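As a starting point, one isolated chain is supplied in structure tokens, in the form predicted alone.
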Amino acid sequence: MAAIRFTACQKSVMNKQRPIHLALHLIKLPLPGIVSILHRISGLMLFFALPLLLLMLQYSLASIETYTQLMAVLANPLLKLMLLGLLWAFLHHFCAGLRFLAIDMHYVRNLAQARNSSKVVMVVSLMLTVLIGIKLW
């Protein structure tokens, strides 16, 4: 097996072409990549919010006093906005999960279908969030 030898000029050219650092803010992801990252972020949000949601369920079911206290706390607009974000996280995670299931079952076969399904996931999750958010606000 022959050893590959580089001259000093070739080494300096190779080193200059390599990036010094990875500039994540300059990378332009396609929409399916954005949907995939948002799927992971929404899953993380739901995971960390689960104890809070379970606590709210416990307060709502314990007694009428704890239920009225919970309703008073939930009247805060900032908390409503946070719950609206969790609603989006759930709906996006659900819709993107269905998309990934369709991809795994080979219903989505080419790049054009993958891009269109990404658009559908974004539109449906945002529209459902708006519709349910208006109803619950």
Partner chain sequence: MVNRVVVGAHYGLRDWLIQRVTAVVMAVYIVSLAGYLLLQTDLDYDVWTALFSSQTVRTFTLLFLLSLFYHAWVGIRDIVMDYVKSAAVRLVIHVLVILALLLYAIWSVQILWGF
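Residue numbers count along the first chain shown, from 1. Because the structure is predicted, anything quoted here is derived from the model rather than measured.
Below, we refer to the form predicted in complex with the partner chain, which is not included among the displayed structures.
Site annotation in the predicted complex: the residue of 54, 111, 29, 79 reaching within 4.5 Å of the partner chain with a heavy atom is 54. No residue in the set 24, 88 and 119 has a non-hydrogen atom no more than 4.5 Å from the partner chain in the predicted complex. In the predicted complex, none of the heavy atoms of residue 69 sits within 4.5 Å of a heavy atom of the partner chain.
Taking the partner from elsewhere, residue 101 is found to have a heavy atom lying within 4.5 Å of the partner chain in the predicted complex.
The shortest heavy atom separation between residue 47 and the partner chain in the predicted complex is within 4.5 Å. Mapping the unseen interface onto this chain, residue 74 falls outside it, with no heavy atom inside 4.5 Å of the partner chain in the predicted complex.
Residues from 59-79 that approach the partner chain in the predicted complex with a non-hydrogen atom closer than or equal to 4.5 Å are 60, 61, 62, 63, 64, 67, in the order they occur in the chain.
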